[in-house]
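Below you'll find only one chain, the form predicted alone, shown as structure tokens.
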Amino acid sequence: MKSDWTELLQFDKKHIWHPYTSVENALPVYPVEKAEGVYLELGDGTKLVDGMSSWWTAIHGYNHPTINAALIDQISKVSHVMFGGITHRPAIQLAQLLIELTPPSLEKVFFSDSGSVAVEVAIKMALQYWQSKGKNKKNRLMTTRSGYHGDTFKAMSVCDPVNGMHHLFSEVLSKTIFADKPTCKWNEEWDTEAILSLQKLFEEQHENLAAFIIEPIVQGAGGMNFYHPQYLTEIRTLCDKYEVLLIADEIATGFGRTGKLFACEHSAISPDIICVGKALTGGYLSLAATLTTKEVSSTISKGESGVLMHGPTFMGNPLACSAGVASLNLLLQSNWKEKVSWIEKKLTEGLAAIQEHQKVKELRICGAIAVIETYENIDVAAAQIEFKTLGVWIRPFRNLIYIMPPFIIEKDELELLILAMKKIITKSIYIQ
């Protein structure tokens, strides 16, 4: 390892708080010197195939010349400008693309600086919508268990109360109505009984419900659960029947990850509000957006305040929007559908036998996502050491070993990730 990293890592360990970890008993961190394509190069020169796309974001890999060029061009013009009373070309171009690509009827775009904030904005939209219609009783939210929607306060309130990482705050969070997690799985025949308990909740609670929020098809950090597309179709029907807004959290699933441009397309539904982020800029800069319909936006505009009461400082940041435009155009000009389909096929073929292993509870694959659920929780530090030895970057959590590689990954690189997932199951990485 380069000599300067020793001192830097000592400072990091002493002073920097990393996500979901302790500062007193911190998990080890690995210094990245640079990244290229699907590879992360560590401070000691080790190159690792990145199986995580930096938490779903880097769909084009790292250091992509097209996005680099877009940022260099934009930085010479304006890096940031307030969005209040000002607009600029990158924001307009990105909004045009998002309206064109997202499900029908979503035509109003609100930019923010992270996925959690996009969820906060979506919830505010829903609450202000019903207030503006004079239906103040409709101020509750409903969702399913096993969901995850972010780390800010209102977003935490709609995460799974046990597995959503925020149970410590349960006494101070607003009370959400939780339905059972979807039980009819992605690759099973539809079971009409899978929706009965949800129908009952809608019937009982609809007079107080402002919105139902859900991650379409793939529930992320709340348990990596994949459910049947018909379940989402039924939710849309129930929301229409009982006058409840449907919020689709596509922050993790958007931009091709599940094999459709947006996971909602698996069910051929259009939500009233959609949240996008993560892969929006190809992993370059933090940016998110909340889109809604003319009905929702117009109703809010006619309400007491006349405006949506939100305005992040870095809203519509020109650099981030430039990265977003470049990333989306790259995606549209690529053969992403064929590539994601190929990744799904290779994952299915390569991991099929793992389902029979005594340590494995279930294997789940959807698009460019593979999840191995084990019976025992995983020692993350021990697993990271093993994965580094195997030449890959994969970061498990709880009892889930999962990957979502960049779409540009090649055969040998994907096979290395698959091999590492199979090998890790037999290692001493479990918490007893």
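Counting begins at 1, following the sequence as shown. None of these values were measured; they are calculated from a predicted model.
There is also a form predicted together with a small molecule; it is not shown, and the following applies to it.
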Among the candidates V325, L106, A211, I251, the residue which, in the model of the complex, approaches the small molecule to within 4.5 Å (heavy atoms)
I251
Quick check on this chain: which one of G256, G283, G150, P90 has a heavy atom within 4.5 Å of the small molecule in the model of the complex?
G150
Contact with the small molecule in the model of the complex for D160, defined as at least one heavy atom pair within 4.5 Å: yes or no?
no
Looking in the model of the complex, any heavy atom of S132 within 4.5 Å of the small molecule?
no
Would you please decide whether H228 lies within 4.5 angstroms of the small molecule in the model of the complex, comparing each non-hydrogen atom pair?
no
Partner contact for G115 in the model of the complex: the small molecule, 4.5 angstroms, heavy atom:
yes
With a 4.5 Å heavy atom cut-off to the small molecule in the model of the complex, the contacting stretch among 107-115, 91-99, 198-206, 331-339 is 107-115
